[in-house]
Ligand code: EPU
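Next up: just one chain, as structure tokens, the form predicted alone.
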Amino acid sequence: MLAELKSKLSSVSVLRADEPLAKRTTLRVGGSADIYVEPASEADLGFVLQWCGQRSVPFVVLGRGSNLLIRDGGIRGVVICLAQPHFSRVEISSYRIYCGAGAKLKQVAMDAKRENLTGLEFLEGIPGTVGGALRMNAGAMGSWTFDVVESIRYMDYAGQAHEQEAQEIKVEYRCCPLLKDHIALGAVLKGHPASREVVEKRMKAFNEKRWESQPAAPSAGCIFKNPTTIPAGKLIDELGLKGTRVGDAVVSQEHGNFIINDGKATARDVLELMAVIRKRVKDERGIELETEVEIIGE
């Protein structure tokens, strides 16, 4: 199966079997992918999608692996990562930032700063890619990804590319429904001219705020969605759950809604710790916590 797929892709595409995925997630847990592929172009990506469709092979798109928990059994089928140069470019013209889905958000923010553009500073602290941020409508510091999106380019599962203005796309809290069954290829983001001093000051303030309240240890970001009545982190803190441990999975002391990997945590450790938190919150406050982190694999 691998040889057949390899024969159809360009020579610069990356294709591997039994690829360990823990190193490709910010939480550093999870099993392996049956097949791992980094397409070199939209044409290669389109072929992989058609190949999977024709053979009923499941696939998953992986960015930087933040906001993601891969189970210890790994992922059956194909894992697609848009890490090749074609998908990770960032180009700026006037106040528009043209970026591929594989571009790191930190790079986008730093490139915008270099061009004296403000409005993108909040992206710098989100440990993901443009594609993941679009799919999740990722947010930080009171701003959301789609606040700064002008248009997106995406591909359907038949391998056809499309473009759409952001104002025509429905977005929700932590979700862009369109990208649940389409793959983001890139986006045009918009900034606003400002002095270098203003941009650097905003970025510095956001950095300080983030590191005051978030752990530096490996994590997947916020584990649970915020209930309507109270932030999840505050709720977990009030119940005295900070420091609670299952194996090497630990509720962060810095932020109650983060679970950190304190060494050699497994996905099972993390899932069991999540269950402990949810039960305690349900029993003592009557609140059903919903997971924000995406859980995939076997």
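As the structure is a computational prediction, the values presented were derived from the model and not from experiment. The first residue of the shown sequence is 1; numbering continues from there.
The protein also exists as the form predicted together with this ligand; that form is not presented, and the subsequent description refers to it.
**Q** Looking at P39, G233, G30, G65, which has any heavy atom no more than 4.5 Å from this ligand in the predicted complex?
**A** Of the candidates P39, G233, G30, G65, G233 is the one lying within 4.5 Å of this ligand in the predicted complex.
**Q** Can you work out which of H162, H192, R114, K209 has a heavy atom no more than 4.5 Å from this ligand in the predicted complex?
**A** The option sitting close enough to the partner is K209.
**Q** Please state whether every one of the three residues R174, G221 and D237 places a non-hydrogen atom within 4.5 angstroms of this ligand in the predicted complex.
**A** So, yes: the whole triplet contacts this ligand.
**Q** Give a yes or no for A166: in the predicted complex, does one of its heavy atoms lie within 4.5 Å of a heavy atom belonging to this ligand?
**A** It does not: once this ligand is placed as it appears in the predicted complex, A166 has no heavy atom within 4.5 Å of it.
**Q** Does F258 make contact with this ligand in the predicted complex, using a 4.5 Å heavy atom cut-off?
**A** Because a heavy atom of F258 falls inside 4.5 Å of this ligand in the predicted complex, the answer is yes.
**Q** With a cut-off of 4.5 Å between heavy atoms, is G77 one of the residues that contacts this ligand in the predicted complex?
**A** Answer no; every heavy atom of G77 is more than 4.5 Å from this ligand in the predicted complex.
**Q** Mark D34 yes when one of its heavy atoms lies within 4.5 Å of a heavy atom of this ligand in the predicted complex, and no otherwise.
**A** The answer is no: D34 has no heavy atom within 4.5 Å of this ligand.
**Q** To test your reading of this chain, name the stretch in 150-158, 176-184, 94-102, 213-221 whose heavy atoms come within 4.5 Å of this ligand in the predicted complex.
**A** Result of the contact check: 213-221.
**Q** Though the partner is not shown here, which residues of 136-174 have a heavy atom within 4.5 Å of this ligand in the predicted complex?
**A** Contacts from 136-174: G139, A140, M141, G142, Y173, R174.
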